[in-house]
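The data below hold one chain only, encoded as structure tokens and taken in the form predicted on its own.
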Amino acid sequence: MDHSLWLEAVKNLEGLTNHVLPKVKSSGEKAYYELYTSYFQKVTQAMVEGKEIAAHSTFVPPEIFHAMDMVPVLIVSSSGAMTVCTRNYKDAMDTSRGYGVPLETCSAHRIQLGHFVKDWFPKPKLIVHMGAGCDAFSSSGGVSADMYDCPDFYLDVPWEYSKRGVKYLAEEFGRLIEFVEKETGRKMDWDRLKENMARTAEMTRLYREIAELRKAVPSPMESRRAWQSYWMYWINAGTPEGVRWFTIVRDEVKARVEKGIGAIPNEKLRLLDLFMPPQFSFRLQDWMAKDYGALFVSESIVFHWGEEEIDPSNPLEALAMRYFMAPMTRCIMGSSKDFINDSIKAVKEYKVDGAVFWAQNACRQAGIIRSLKDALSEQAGIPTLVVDCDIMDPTFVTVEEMQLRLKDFIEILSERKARRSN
């Protein structure tokens, strides 16, 4: 195994964290750098000490692995983070293409497979994946397991939320635990799993509370904090670190609301984020806020939770319920009605001036844009900008090209808002 790139990436991340922390004023931003870096340091420590690592796709619950004393690592986002930290986009994607992965595949998964072809990714004891989110998720985990010749488990997921679906998925999680027990020789610590799920329930409660606080004008939370929250939820689900993160962010946001101050001093436009912005550069959101006072105040696929509660006393059902209530699965699994209805509701509740849809190249879920854009125009009365981009490929569309599109849209929204206020 060639772990040199992983170790280089973690070293770069540590260096960035040490450079940024003294300059950052926001307690949420400080906690993000600290906890995000710590996550990769734990994986690195497990590699050095020979501790068993469980690699898993997004939406596979890490609470199970923590309860069985394994070190979980999220495959696709970790591969992406390592690429961002080393800037080796071309090498990773050229490698996956040479392996036979077509360009029509999501670049995030192409990068993941490039890391596995090169043996850059830490060698796991097992890989767990599930057919949730998109077609790539249903395949890339199995291909990665084949490359590393390690056992894998595929979680079958119901198409949409129902009582029958919750029961079925809970049984699937039970089968997953049996698989892990067989492959590792470990037994599930059910009391520990319940404790983990109690923390997950608390994280979810805090997540929802933050969403409510963000309705305040001016908005009390930075644009990038929403996506940081999404990542921190999935990598730290069920852990004290996860509860700590959401508590810090809630306290910071709540204090701003109570004082009547916003995350930026010059809020002029409130925007709704409809899809995944490019993950290789969040300076787009920072630029919009700093130069134009345009802030994303809500995100349909990462901040709109379902209403059902999570009961830690029944951990398998709690895991299933959490899956169905999570914002992204509600938006991109099953019918598009939740995605559209949540977005329309957000326009009113968050006092939104306009929406931005990041039309990801090679993402089939981006096909919802026409019905979503029409619904927001006809039922909510706001315009939507469609930004062509790629989630992990900075050569598809440059940041500067996206800025030109966003600048024109911001000017249109500003003029529109000025006419309405006169």
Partner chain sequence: MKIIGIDIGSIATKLVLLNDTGVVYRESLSISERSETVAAKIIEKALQANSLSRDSIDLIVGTSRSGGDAPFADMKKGLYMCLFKGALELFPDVKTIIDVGAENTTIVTLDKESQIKDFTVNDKCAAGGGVFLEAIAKAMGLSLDEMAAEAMKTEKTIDIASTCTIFAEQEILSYAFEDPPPPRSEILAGLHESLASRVVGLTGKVGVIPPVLLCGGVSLNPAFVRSFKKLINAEVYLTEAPQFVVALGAAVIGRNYILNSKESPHAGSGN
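Residue numbers count along the first chain shown, from 1. Quantities reported herein were computed from a predicted structural model and do not represent experimental measurements.
Keep in mind that the form predicted together with the partner chain is missing from the display, and what follows is about it.
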Taking heavy atoms only, is E52 within 4.5 angstroms of the partner chain in the predicted bound form?
no
So in the predicted bound form, does any heavy atom of L385 sit within 4.5 Å of the partner chain?
yes
Does the 4.5 Å heavy atom contact test between Y33 and the partner chain in the predicted bound form come out positive?
no
Is there any non-hydrogen atom of K42 lying within 4.5 Å of the partner chain in the predicted bound form?
no
Taking the partner as it appears in the predicted bound form, which of 58-66, 22-30, 366-374, 44-52 has residues with heavy atoms within 4.5 Å of the partner chain?
366-374
Taking E202, R208 and E212 as a possible spot, do all three reach the partner chain in the predicted bound form with a heavy atom inside 4.5 Å?
no
Heavy atom within 4.5 Å of the partner chain in the predicted bound form - qualifying residues of 375-405:
P383, T384, L385, D388, F396, V397, E401, L404, R405
